[in-house]
Ligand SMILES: Cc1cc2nc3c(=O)[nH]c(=O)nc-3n(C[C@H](O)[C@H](O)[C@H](O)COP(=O)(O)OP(=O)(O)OC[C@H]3O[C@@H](n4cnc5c(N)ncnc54)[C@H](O)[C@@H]3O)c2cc1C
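Single chain ahead, by itself, as structure tokens, in the form predicted alone.
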Amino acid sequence: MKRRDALKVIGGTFAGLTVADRLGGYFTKPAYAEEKPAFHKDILSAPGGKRVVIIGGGFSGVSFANTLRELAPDAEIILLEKNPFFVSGPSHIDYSVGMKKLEDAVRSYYPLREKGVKVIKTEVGGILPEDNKVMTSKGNITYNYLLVSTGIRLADEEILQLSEHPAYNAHSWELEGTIELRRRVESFKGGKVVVSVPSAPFKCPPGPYETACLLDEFFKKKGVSAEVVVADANDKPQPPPLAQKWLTVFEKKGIKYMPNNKVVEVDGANNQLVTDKGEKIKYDLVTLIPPNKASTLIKESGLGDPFADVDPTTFKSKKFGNIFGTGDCAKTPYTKSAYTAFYEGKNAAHYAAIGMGYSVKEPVPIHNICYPYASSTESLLIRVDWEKDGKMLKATADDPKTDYRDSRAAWESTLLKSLFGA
């Protein structure tokens, strides 16, 4: 992206508020409006040669920061994150049905600061790869190496009426929507519940189906009459190795599954979804997951469209040798999950350290393991292993078990402890 083109889009990029800003309390301050005149200024002095800037403090970004701090102890590491705290995505589903308190999933970024990582709360509006600069709401930052780990952008604009009427919907793919979904679930009096699944790839492939199962269980326990329907844009439940397992679970629970039904409109005035087949699905409660895309700054910066084009082994940009992309925003063969994002961050840190001249061994290939909820007491198992170049080596799936439910709790707890120490 050329500098003049970046400056044209910068105003629109910063116009909105962050999720945290919309939550109220001490987040009610307008999002950096008074700082706009500082966009052209550098907020830090020029780097000394080993400055690594990270955009995004999710599983991948934090894992990268922690690992690089160990491998490159004298490197300057700067994490740019728009939200004031970390929230574990896998816990969103738990919270939406009352299985977990929100504070159980929240972590402070202070453990990173204690390791010498500079954490700056700011919005990022653009990248100038030719100049090695990131444009933020507080000014420009020059880097020697850059990690883009911005996660998923929910493309509400691809669903008719959704951008204009966000209150029509509530889902657990973001914090604000999770809180609202919990409120709607608690006050639901009965009727048809529709869970809408976007076309793959999307973050946390088992998530929509977990949501359907847990909502079905929640309403049955509460004595609320509810017909749960899954309207899926895909031809089978995701991820593919779990497809038949999900169908068996749905059949046992009486959940209606509608494949090949991509939602293209939410008609909140008439409480119905419209699919690409022209079918109209009535609902009394809807949780619609919009199409998952990457942040627009990735396309605007020439890093890829709609996801960052990276090498599946090193996670290095295919266009810029000092830029890496990991996690949900990157185009890779790997599942878009918290677990793979964590390990992508670790692996990318190894290759960043090698690029900086440190003597570091190459990391092991990526794998994923997950324990999706079939109920509050049972989870399924999915494990996928890939070769170094991203080619799938093997996939294992297993039926719901109570042991896997316990494993899920330990799985998330271990990830969070690895990132934040507690």
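The structure presented is a predicted model; accordingly, all values stated were derived computationally and were not measured. Just count from 1 along the sequence shown to find any residue number.
Unshown form predicted together with the ligand; subsequent notes refer to it.
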All of Tyr143, Glu300 and Phe324 within 4.5 Å of the ligand in the predicted complex, heavy atom check: no
The stretch from 187-195, 150-158, 268-276, 306-314 that lies within 4.5 Å of the ligand in the predicted complex, judged by heavy atoms, is 150-158
Given that the ligand is left out here, which of Lys293, Lys245, Lys346, Lys336 has a heavy atom within 4.5 Å of it in the predicted complex? Lys336
Interface check vs the ligand in the predicted complex: of Tyr95, Trp173, Phe219, Tyr283, the one with a heavy atom inside 4.5 Å is Trp173
Thr122 near the ligand in the predicted complex, any heavy atom under 4.5 Å? yes
Just checking whether His350 would be counted as a contact of the ligand in the predicted complex - the rule being heavy atoms within 4.5 angstroms. no
I'd like to check something about Asn83: if you look in the predicted complex, is any of its heavy atoms closer than or equal to 4.5 Å to a heavy atom of the ligand? yes
I'd like to check something about Cys213: if you look in the predicted complex, is any of its heavy atoms closer than or equal to 4.5 Å to a heavy atom of the ligand? no
Using a 4.5 Å cut-off on any heavy atom, which residues of 56-95 would contact the ligand in the predicted complex? Gly56, Gly57, Gly58, Phe59, Ser60, Gly61, Leu80, Glu81, Lys82, Asn83, Gly89, Pro90, His92, Ile93
